[in-house]
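Before any questions on how it binds or moves, here is one chain, the form predicted on its own, in structure tokens.
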């Protein structure tokens, strides 16, 4: 059993569950929030407490990143669970949900158990792992535990994880009740358009090959299957105005959707600036798509934010398109990006916390996370909203060593990251002895 220190955070601006702020103190006992008050008397405390001065800082619930690709096992040259969890700690991400496209694929209970054991040994933050769907592993999809849900790649994938046939998709939706999370791109349309652009080496054509229609067709299909079976559906990394408009018209209560900071803040103009570093799946879209996605997020059509952290090395990205891999890192910058947007007036700090913490915990049934209140887990971040600092390549902790947001001047960088009452990141220093816990899911 981990020995949790007791903490007392003093005089920070605390985000309360109702969205209001209180300048006050937070008492943490054995990894749980014990008390939130304008002032907590030391006379009322029993035992030793480490005190953290939060004057001038804002205390937020830790970020839960519900879609990451941390590459272990099998692809550790790009990233591994230790380096990725260090990057999480720097970015204020206190929990993550990781995807199954590792080597071997996470499509069995044994593979899931292996990831859980690896994470327990090396992750500084909390963790959970999706089980991947294939056309043949339905028994595992029904019984694997613990997992936030089933991941289906409807497109943009090859090998066993590509589930694009109608019969296979229907079989998965028809049996069981576990949440299904879909990468919604229509593989048939992608292949047709890939042949149209054969020979093109400008990475900007990536957004034309995997176009808005490819995304819309797959989202329409997933939504229809979800409605047919009343099956809990989550649409990963929504990227187009058409999909947002579809959900605005037709979104059952059991359907949720997410968006990445990339699809809110970057668009096809990024190809001219950073080339293949802008290549991801689904691709970057137009400025119009940015604007519609932002509005859908503000209106609650989109429920929360994920990074789709998918690192590749600079050497891999330096190849000529289409031989370059799709994906970019994101866990270190997602919170500062969104808090900077809040300081610019595009949203509020309370909305950012709702999109990056509370709504994720609710969607996946993660108990006692996503809010600063007595009884909740002490997964917390202290950020400085008055200090701006650029994204610098030499400072990133992700193993791939780069960011698509290099040079962006951002605020809201974590000063302290606390996981289960343990300080895992403090003013640029990591606590490498800290370990997170396996998440449990009630969805």
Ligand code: DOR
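Positions refer to the first chain, counted from 1. Treat the numbers as computed from the prediction; the structure is a model and nothing was measured.
Missing here is the form predicted in complex with this ligand; even so, the following discussion is about that form.
The single contact residue among 212, 101, 83, 290, judged by any heavy atom lying within 4.5 Å of this ligand in the predicted complex, is 101. For the options 347, 296, 225, 310, the residue carrying a heavy atom within 4.5 angstroms of this ligand in the predicted complex is 310.
Interface membership of residue 354, defined by any non-hydrogen atom within 4.5 Å of this ligand in the predicted complex, is ruled out. In the predicted complex, this ligand sits beyond 4.5 Å of every heavy atom of residue 128. Remark: residue 338 does not count among the residues lining this ligand in the predicted complex, judged by a heavy atom distance of 4.5 Å or less. In the predicted complex, this ligand lies within 4.5 Å of some heavy atom of residue 281. Segments offered: 251 to 259, 360 to 368, 134 to 142, 68 to 76. Contacting this ligand in the predicted complex at heavy atom distances within 4.5 Å is 68 to 76.
Residues are counted as partner-facing when one of their heavy atoms sits within 4.5 Å of this ligand in the predicted complex; in 152 to 181 only 153 qualifies.
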